[in-house]
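For reference, the chain that follows is the form predicted alone, supplied as structure tokens.
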């Protein structure tokens, strides 16, 4: 299973002429997750040729406007397009109160059905689960209650070696248990260890989304070993005092989190609009964590 992440918006609260507020799409086989929905999200979906009808699950990290002001427009457009489906929205409970009057004002019967799932803002929580994937929310450190999200593939079973089935005449009824980790006992009482009978499955894929947040070490334990970490880097170290005041992070702090959490790769974004040259962010982060990339709008990152 591959994860494909498309950046729709990489800027912080003030959009620029070429950078939108936060929004991302994570595609896994059979699922399309929208993560945050800043102003202009539906325009960016169009530009990146992502079908609105594929979006069934929307995750909102917190209720600062640059992370959800695009939601009512997106839902309205989906309705105008005649998309007929439930749309699950995972967000702080106040979001429904904020946008329900706008939903009520939409004329006629809505073809889509928004279903709100309130998030636990104080402790980690599994908010979505399917046969192959689960999504965990967890608190981060910001000026209002905010969560990050961890998307992770469920572990697969080991693969049994066909030659071992033949060599030890393994009954079909026992193959399921062997795939799950059991050893095999032959007719003459020999124990064949599982590792001889099977090949390990591929490592489950994982993606963590952490914005908006100050540097917050407890996050590292939750996302430990993640394949791709998106962590906000609103400021450079030269504005570290402002980052601390506003409970945001610098590029260096994002890199420190990647190192602390043993992430395989770091993606930084949520850039302050005061910065025009984003290469300085990459340079600063790579001094601590070499495998760092900038979140570039329209670019797809594959895990």
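Residue numbers count along the first chain shown, from 1. Quantities reported herein were computed from a predicted structural model and do not represent experimental measurements.
What comes next is about the form predicted in complex with another copy of the chain, which is not displayed.
In summary, the region of this chain contacting another copy of the chain in the predicted bound form, judged by heavy atoms within 4.5 Å and restricted to 65-73, 28-36, 234-242, 252-260, corresponds to 65-73.
Taking the partner from elsewhere, no residue among 130, 150 and 303 has a non-hydrogen atom within 4.5 angstroms of another copy of the chain in the predicted bound form. In the predicted bound form, another copy of the chain stays beyond 4.5 Å of every heavy atom belonging to residue 195. Heavy atoms of residue 16 reach within 4.5 Å of another copy of the chain in the predicted bound form, making it an interface residue. Using a 4.5 Å cutoff between non-hydrogen atoms, residue 120 does not count as a contact of another copy of the chain in the predicted bound form. Contact annotation: residue 97 falls within 4.5 Å of another copy of the chain in the predicted bound form, judged by heavy atom distances. For the candidate set 115, 164, 175, 80, a heavy atom within 4.5 Å of another copy of the chain in the predicted bound form is found for exactly one residue, namely 80. Interface residue among 200, 155, 189, 101 relative to another copy of the chain in the predicted bound form, by the heavy atom within 4.5 Å criterion: 101.
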